[in-house]
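A lone chain, given as structure tokens: the form predicted on its own.
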């Protein structure tokens, strides 16, 4: 049942991404060129909704759909890791024209060449998992 629920949520997310043009390479290009507010509005709205929901979950001890306690575990703060990670993520986003959410949305919409980007993302994730303990903290 959980798998079906996750699949339905994923499909709704993909439809929303596609219809809002958040998966559009042209919209992402406009954003990186500072030519349009469209993507900044979408990202800003997601950020505000995420912050508000996180605070509500913490304040009222809201549980997951399945009754499990939602835990927020603090991460180790390392400015070097965040800067390096942000640069790598941004370069990949700029080169591919998509970040992880829209990659799968584009594949679902029938843009088959994005499968190459998804393969690269999976290889990168595997390599990070392999090298994670060897990277500077």
Partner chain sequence: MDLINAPWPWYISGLAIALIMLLLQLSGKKFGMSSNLRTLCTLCGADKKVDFFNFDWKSQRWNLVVVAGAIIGGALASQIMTSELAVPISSNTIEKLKTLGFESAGEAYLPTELFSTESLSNPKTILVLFFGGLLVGFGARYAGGCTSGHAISGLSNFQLPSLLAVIGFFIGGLMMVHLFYPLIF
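Numbering follows the first chain given and starts at 1. Here, rigid core means the biggest group of C-alpha atoms that superpose within 1.5 Å across both forms. Keep in mind that what you see is a predicted model, and the values were worked out from it rather than measured.
A second form of this protein, the form predicted in complex with the partner chain, is not displayed here; the remarks below concern that form.
Although the partner is absent here, residue 60 sits far enough away that none of its heavy atoms falls within 4.5 Å of the partner chain in the predicted complex. Residues 111, 113, 114, 116, 117, 119, 120, 121, 122, 123, 124, 125, 126, 127, 128, 129, 130 are the ones in 110-130 with at least one heavy atom within 4.5 Å of the partner chain in the predicted complex, listed in sequence order. After superposition on the rigid core, the Cα of residue 69 moves by less than 2 Å between this form and the one not shown. After superposition on the rigid core, the Cα of residue 120 moves by 2 Å or more between this form and the one not shown. Put the two forms on the same core and the Cα of residue 6 is off by less than 2 Å between this form and the one not shown.
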